[in-house]
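One chain comes next, on its own, written out as structure tokens in the form predicted alone.
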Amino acid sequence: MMENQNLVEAAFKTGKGVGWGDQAACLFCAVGRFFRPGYRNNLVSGWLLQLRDVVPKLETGARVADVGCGHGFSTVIMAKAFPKSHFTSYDFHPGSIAQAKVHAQQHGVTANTHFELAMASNFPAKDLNFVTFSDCLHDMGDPLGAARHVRQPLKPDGSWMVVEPMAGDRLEDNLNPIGRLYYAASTMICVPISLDQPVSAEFGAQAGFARLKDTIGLGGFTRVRRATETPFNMILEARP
């Protein structure tokens, strides 16, 4: 974030934002390393278990899209745990897709993973049993468009897991160490990224459950609930 200061300071004067691929060179690795421990310790052993009927589908073989995959840590963790399922992962940053492929090879999951360059609002997929967004919806320039697009290839009994930074709906709910960290990240990373994308409907890292639920609902999902949480993340389950 400190390395981003000059870029973001200039963007404040124009409102044009700073693209994900134009930010500090170490940002992509730093973001991945920050969230990876949470995925490693919670994704399979905790979060997925709190979703209705998802784990049995993954165990027997499901079609999964991991959107906004970054360096692929969430994809690799799920692919290792559920070898009968196939995971196609998407990100709009070419460098991150390249690194994700390297990580998949290093961890021996190339047989049931595939990585493609695509936006969340137009990724190519069909007949999906499960879709995941991990710490990325709030960064997107068009989160509503992303929600609407997720609904299209999802099967009627499918589900969408949205992992988002832990945030309250009110300012006073976020005046704590975690909230302060995410307000800083929102200012220096998340909002500038979303402003650089089409639509520019910036959420930032402090969207809160109410705003997330409203947006997901407008995208065509009739059931949205907060399945579980950690000090750093809230995990939402959305169903058609």
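Everything numeric in this text was worked out from a predicted model, so none of it was measured. Throughout, we count residues from 1 along the sequence that is shown.
Another form, the form predicted together with a small molecule, is not on view; read the next lines as being about it.
At the 4.5 Å threshold, heavy atoms of residue 69 reach the small molecule in the predicted complex. Interface residue remark: residue 140 is counted as part of the site for the small molecule in the predicted complex, having a heavy atom within 4.5 Å. Heavy atoms of residue 32 reach within 4.5 Å of the small molecule in the predicted complex, making it an interface residue. In the predicted complex, none of the heavy atoms of residue 203 sits within 4.5 Å of a heavy atom of the small molecule.
Taking a 4.5 Å heavy atom cutoff to the small molecule in the predicted complex, the contact residue among 166, 125, 131, 119 is 119. A heavy atom within 4.5 Å of the small molecule in the predicted complex is found for exactly one of 207, 58, 43, 193: 193. The stretch among 81 to 89, 149 to 157, 107 to 115, 131 to 139 whose residues place heavy atoms within 4.5 Å of the small molecule in the predicted complex is 131 to 139.
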